[in-house]
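In C-alpha cells, the next block holds one chain alone, the form predicted alone.
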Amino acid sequence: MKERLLKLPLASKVGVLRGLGPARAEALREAGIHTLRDLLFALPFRYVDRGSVLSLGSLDLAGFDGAGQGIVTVLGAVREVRQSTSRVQRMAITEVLLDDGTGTLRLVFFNQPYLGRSLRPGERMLAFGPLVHGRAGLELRSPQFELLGREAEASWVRRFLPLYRKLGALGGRVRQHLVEEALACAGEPPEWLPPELAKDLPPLLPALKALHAPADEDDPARLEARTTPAHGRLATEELFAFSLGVELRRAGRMARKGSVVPTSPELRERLKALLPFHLTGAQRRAFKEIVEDLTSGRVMHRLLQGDVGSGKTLVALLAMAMVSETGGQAALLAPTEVLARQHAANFERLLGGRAGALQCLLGPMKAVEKREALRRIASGEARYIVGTHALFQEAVQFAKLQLVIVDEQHRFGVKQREALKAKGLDPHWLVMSATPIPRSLALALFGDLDQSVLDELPPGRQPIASKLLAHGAAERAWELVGRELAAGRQAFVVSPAIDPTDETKVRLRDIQAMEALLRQRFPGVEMEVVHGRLKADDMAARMARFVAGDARLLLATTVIEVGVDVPGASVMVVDHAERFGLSQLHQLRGRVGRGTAKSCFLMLSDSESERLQVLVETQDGFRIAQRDLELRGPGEFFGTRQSGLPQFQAADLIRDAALLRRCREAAAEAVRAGLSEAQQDWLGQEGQRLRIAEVS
C-alpha cells in the first residue's frame, strides 16, 4: 500500500493500476484509453437511481394493462438459470429467475446461450428493460443488466450506481473497480484553466469523483442530461485543450514563411479572360482574401464554404490560375472520380488555349496514360492538376507544388491530407466544403483555418420548387417527370438502396425495382443507372452519356450528391427521402435548377414529414445544416469517422457552442500572453492529447 501514498499525475499510464492483465490492458488500448486521465474522462453511459428501483413484489400483475409498464429497474439475486430452444425458429432461450425477498421476476434473453454459463445462482443482478406480459406472468425481455457480486459481499449503499459499457474483455463491473482505484491514487493537478474559465467550476479531481461516484443528494435529471457543474468542468477542460491545440497550430503556421505568389496587372487580365461571367460580390470578396494570403509571405490555410451552386469551383480555378500562370503548380483533390472528371472538363473549357497545362490523374487510368501523367507532373509541364486519392501515391512527384485545394474536406482523413501536403515545399492550403457548416461546428472542425463564405448565388440560378409527397401520391411525381421529358428536358431519380434490404433490415424499394417501374412508366426514354458497385470506367461512361444529353433519365444512388452539373435537368425525385439527412437532400436538390427552366425537387416518403418539411420551407443551406446538426449530431451529419471530428466525452459541440467560443477566445489570449507555468507543465504531460486538434 505504501506506493499508493504517493499520488500519481493523471498523465500516468493505466498500467500502474492493479488487476490490469494483458487482455484488459489491450481492451483499454483499443478503446483509446492509455492514461489515468483517459480512463477517468470516459464517463459512465448512465446512472441507476436506487430511488427508482422497484421491488419485485410491487410489480402488481392485477394492475397490468396489457400494454406493459414501460422501462423498469429491478434489483435481486439470481435464484435459477434455465436454458431451452424454441420449437419454431430453434432460437436459444435463457431464463433467469430473480428474487429480492418481496417477490420474483423472470428475465428472458434470446440467442445469448453464453449467459447460461456466466450467470450463477446467488449473484446479485441489477436489470432494466421493458416489462411485458409473458406466458407465466410479468417478465423482462432482453433487459440490460449489471452484476453486483455475491450476496455475501459488501452491499450497495450509494444512491447512484454508475454503469460502464463493456470494452472487449473488460466488463463494466471490472472497469468500475479500475476507475475507483484510479480515483484513489490520482493527485489533483495544478489549475491550468484560465481564471475566467475556471470561475464557479469545481477542481478537476472532485469533478471526476462526482461523476464516477455521485453524491446521494445530486439531481438525477441533471446527471442524465450531463449538465452538472462537474460535467461543466470536464467539458471546459476538453474544449480549452482542443482550442489551445488549434491556437498553437495556428501560431506555428503564422510563423512559417510561405511561398510568395507574384501578381501583376498582366496576370489580372489573364484571370479575367477565364471568367464566363461577372463574379458575385461574395466571390470577389473570397478571391481577394485568397490573393492576400498568397502574396502575404505566410502559408495560407483557408476554408472556402458556400451553399449549393454558389460558385466555389470558379473561385478555386482562379486561385489555381494565379499560381499556375506564374510558374507554380496547383493540385485540386476531389472525393470521387466522377467529380474529378467533371472538374477537369470544366477547367479545360474555361482554360481554352491554356488547357494543355491541365493534367487529370485517376486511379483506374491505363498504365501508359498514368506514366505520361506522372512525367508531366514531375517535369512541371502540367501546372493544373486534378485528381482523386491517386495523388497520394508515392510515385507522384511534383516539380513546384505551391497550392493544394481539397474539395469536400470532410471526406478525406487527416493523414491523407498531410501526405499530400508533405509532397510540396509547405504549399498553400485551400479547403472547400459543399456542405454548409454552421459556424459553431466550423470553428471546431476547421479551427486553425481562416474562413471565407460564399453567401450569394450567381445570376441565372433558378429557384427550385420543393414538395413532399406520400408514396400513395407518387403518380403526381411521375406525371411531372413525364411532362419535363416531353418538353425535351432531363430528370434524376434517386434511390436509397442498391439491395431491397439494407443494414437495418427495413424493406425498401431498391434500385432494381425502381428501374423496372421507370422503364414501364417511360418506355422508349433513354435511361442510365449508376450506383457505387459499378466499375469506375463504366460509371463514368454512363454519367457522360447523361451529361451529354444522350440519356434523358438518370436513376442513381447518392453517387450524384456532389458536383454533377447537368443544365438540362429540371426535375429530381427522391424515393424513401426519410433515409437521407437534410444536408444530403439539399445537396441532391442542387443538381437541378442549373439551367434556364423552372425546376422541381420531389421527395417521396411516408414518415418523418415534420423533419423533411424543412426542405420545403427553405433553400438556405446554412439553416438546413443547422437543423440537420441538431437532429443527427456531428458524427451522423458528416457520415464518416474520418471526418477529423474531435471525440469529446463531456463536451457537446451543439449544446456547448457558446462555451467553445469562450474557450477559443481564452486560448488565443493565453498564446498571445504566453502560457502559464501550469499550462506549460500540462502541455508537457498531456500534449499527446492535442492530437484531437489535428483536424486541418
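Not measured: the values here are computed from a predicted model. In this text, residue numbers run from 1 along the sequence as written.
In what follows, reference is made to the form predicted together with a small molecule, a form of this protein that is not presented.
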| the small molecule isn't shown here, but in the predicted complex which of Gln329, Thr313, Gln584, Ser495 has a heavy atom within 4.5 Å of it? | Thr313
| task | Work out which of Ser243, Ser599, Ser452, Gln283 lies within 4.5 Å of the small molecule in the predicted complex, going by heavy atoms. | result | Gln283
| note | The stretch from 514-522, 603-611, 275-283, 188-196 that lies within 4.5 Å of the small molecule in the predicted complex, judged by heavy atoms, is 275-283
| task | Indicate whether Pro459 is a 4.5 Å heavy atom neighbour of the small molecule in the predicted complex. | result | yes
| field | in the predicted complex, Gly309 touching the small molecule (heavy atom, 4.5 Å) | value | yes
| query | Might His212 be said to contact the small molecule in the predicted complex, defining contact as any heavy atom within 4.5 Å? | reply | no
| request: Examine Arg594 and determine whether its closest non-hydrogen atom to the small molecule in the predicted complex is within 4.5 angstroms. | output: yes
